[in-house]
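So this first bit is one chain, no partners, the form predicted on its own, shown in C-alpha cells.
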Amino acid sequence: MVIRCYILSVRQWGITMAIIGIDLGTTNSLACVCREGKPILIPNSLGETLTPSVVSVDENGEICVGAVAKERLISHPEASAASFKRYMGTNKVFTLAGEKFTPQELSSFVLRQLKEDAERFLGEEVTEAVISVPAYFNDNQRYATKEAGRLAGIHVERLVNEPSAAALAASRISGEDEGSYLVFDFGGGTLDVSLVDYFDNIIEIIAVSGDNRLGGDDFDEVIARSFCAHHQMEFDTLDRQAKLALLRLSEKCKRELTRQDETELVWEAEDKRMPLNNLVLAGLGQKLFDRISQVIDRALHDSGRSMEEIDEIVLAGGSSKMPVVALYLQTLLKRRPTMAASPDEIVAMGAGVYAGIKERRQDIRDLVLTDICPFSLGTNVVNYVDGGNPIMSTVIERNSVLPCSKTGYYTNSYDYQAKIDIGIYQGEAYYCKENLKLGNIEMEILPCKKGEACLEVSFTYDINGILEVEVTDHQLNQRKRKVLTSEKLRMSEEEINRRLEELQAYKLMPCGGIRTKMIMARGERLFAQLLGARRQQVAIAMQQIEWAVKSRNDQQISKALKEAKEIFDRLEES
C-alpha cells in the first residue's frame, strides 16, 4: 500500500504562524517582524520595544523578565541576574532564589517573554525565530544561543551575525543599491567591527573582528571604580548589593552624558557624590578605547581595505550612542559615523527583515545574505621544541566565506606510530591550548617510518555554523567523519527535553500585572537607595498602591500607579 503525504501551508488551514527576528542583547533585547517589506518592532506589555535582558525570581516563584527584573536587581540581588549573555557557551551557573540556572536557561526566559509579546501583538502563533549573535561568537556560544531558543520552545534554524543584520537594515533604509559599510556594533557586553559590502541584492561580510568582553558595561565599571577612588573606597570589597547599586547609578550617569555634557553621580545611601563630564569620561576610558582601536585595526587589516574605500560607518548597539565613543571614532577614522536608525534597534530590524526572507515573503525574498567564518579552524601538530605543547595548524582561515570546505594533509611524527589523534581547534593562537578545543578524531594507522603515513583532513563549515571534519587514510582505505560538538557544554536531546519541561513549570509574570509589579519594584529599589524624607515619600506611595490593589478598583489602582510614577520620576530627577 502506498501512502501519499501532502504538505499544506498552515495558512491554507486558516492558521498563521510567524517567524520573528530577535536581537538577544547583553543589556536589552528586541523582537521584530517583517510586514509588507518593512521591519516592525514589537512592543512589550509596557508598550516599549526595548526589554532589559534581566531575569528575576519573585516571592511566588514566578519569573520576572525585563524592566521589573531590572528594578529588582538592587532590591533583590540574590534572586536576579543580568549580563548573562557574556557567559553563553560556558559552564557558568547563576543561582537565583536558591535555584540554579545556566546562561542559556536565563536567556530562554527572555526569549519566552519576547515570544509571548510577539504573539499578543501579532495575534498569531510564533514558531520560529532568527536570532542575531555577535559576529565574533565562537562555536559554543552560537550553539548555546540555539539551545536557549529550544528551551524557550522556539525553533531556531538560523543565526544571523549582528553586523550583517545592521547592514541589511541600513541598506533598506538608505535605499542605496550598493555600498561598503564599516559596522561598529558596540553593545552592553560585546564589540564587533565588520566590513560589509552590499551589491546586486547581496550582503557580504568581508572581514570581522571583535571582543566578546568589551561593552558599555565596562564604562559603567570604570565610572564606579573612579567614584570609589574619589572617596578612598575599594570597589572590589563592596558587597554585591552595594556594587549593583553603584553600577546602576554609574549607568544612569553614562546615559545622562549621552544627552548632556555634565552630570553628577550621587550615592545618597552613602551620602557621597562626584561630578562627571564627557571629557573626564574620555580620560577614564582610555584603556577601553585602546582595545576598541585594536579591534578596528584588525578588521581593516584583514579586509585589505583603507577607510577611503568605505562608504559609511554604521553604528549599532546602544553603547555606540555615547558621545565619547562617537568622537573617538571620528578622531580615529577621520570620518563622522552615520546613524541610519537608532543603534538600539538597527540589529533587530535587520533580523526582522531576514525573518521575512525565511518566510519567503514576495517583496524581499530575492535578497542574499552571505556569512563568513569568524575564527580560524585547524588541528594540532607536534611541537618538536616542547612536545607537550602542540601547535595550531590552520585548515580554514578566519573570514573565509561560508559555506566552505578545505583540506590539509598530515603525517606521523615518529617511527612505527600506531595511531594519530586529530584534535580540532578554533582560534587564532599559536599554541593549541590557548584556542577552543571542539573535539577530536582518533585514527589507527599502518605502522611505518616517520613521515611515510598520509592522512587527509577535510573541514566543511556550513552557513549555520555546523562544522564537519572528515579524516581519510588512503593506505588502509578507512574514513572517519564527525560533526563537532563540545560534549562538556552541550546537552543531549534527552537532557534538553527534560530541562525544557522543567523550565516550562516556571511561569512568566502575567501581562496584566506587569505595570503594577514594575512600579512596586521601582519603589523597592528607590527605598533601598534613598534616605530620610525622600525614602518616606517612596514608602507612602507604595502603601497607596497596596491599598488600591487590595480594593480591586481599577480606577483607584490606575490613579495610585500614576501618582507613584510621578513621585518616583521627581525623586530620580532630583
Ligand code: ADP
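This is a predicted model, so every value here is computed, not measured. All residue numbers refer to positions in the sequence shown, first residue = 1. Think of the rigid core as the biggest set of C-alphas that the two forms share within 1.5 Å after superposition.
One more form of this protein exists, namely the form predicted in complex with adenosine-5'-diphosphate; it is left out here, but the text below deals with it.
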Partner proximity in the model of the complex: residue 50 to adenosine-5'-diphosphate, non-hydrogen atom cutoff 4.5 Å: yes
Touches adenosine-5'-diphosphate in the model of the complex: residue 319 (any heavy atom, 4.5 Å): yes
Contact label in the model of the complex: residue 211 to adenosine-5'-diphosphate, heavy atom within 4.5 Å: no
is_contact(residue 254, adenosine-5'-diphosphate) in the model of the complex, heavy atom dist at most 4.5 Å: yes
Heavy atom within 4.5 Å of adenosine-5'-diphosphate in the model of the complex - residue from 217, 117, 139, 147: 217
Listed residue (90, 440, 258, 460) with a non-hydrogen atom within 4.5 angstroms of adenosine-5'-diphosphate in the model of the complex: 258
Stretch from 180 to 188, 198 to 206, 122 to 130, 380 to 388 whose residues place a heavy atom within 4.5 Å of adenosine-5'-diphosphate in the model of the complex: 180 to 188
Residues of stretch 18 to 42 in contact with adenosine-5'-diphosphate in the model of the complex (4.5 Å, non-hydrogen atom): 25, 26, 27, 28
After fitting the core, residue 190 CA displacement of 2 Å or more between the shown form and the other one: yes
Large Cα shift (2 Å or above) at residue 323 between the shown form and the other one, core-fitted: yes
Core-aligned CA displacement of residue 219 at least 2 Å between the shown form and the other one: yes
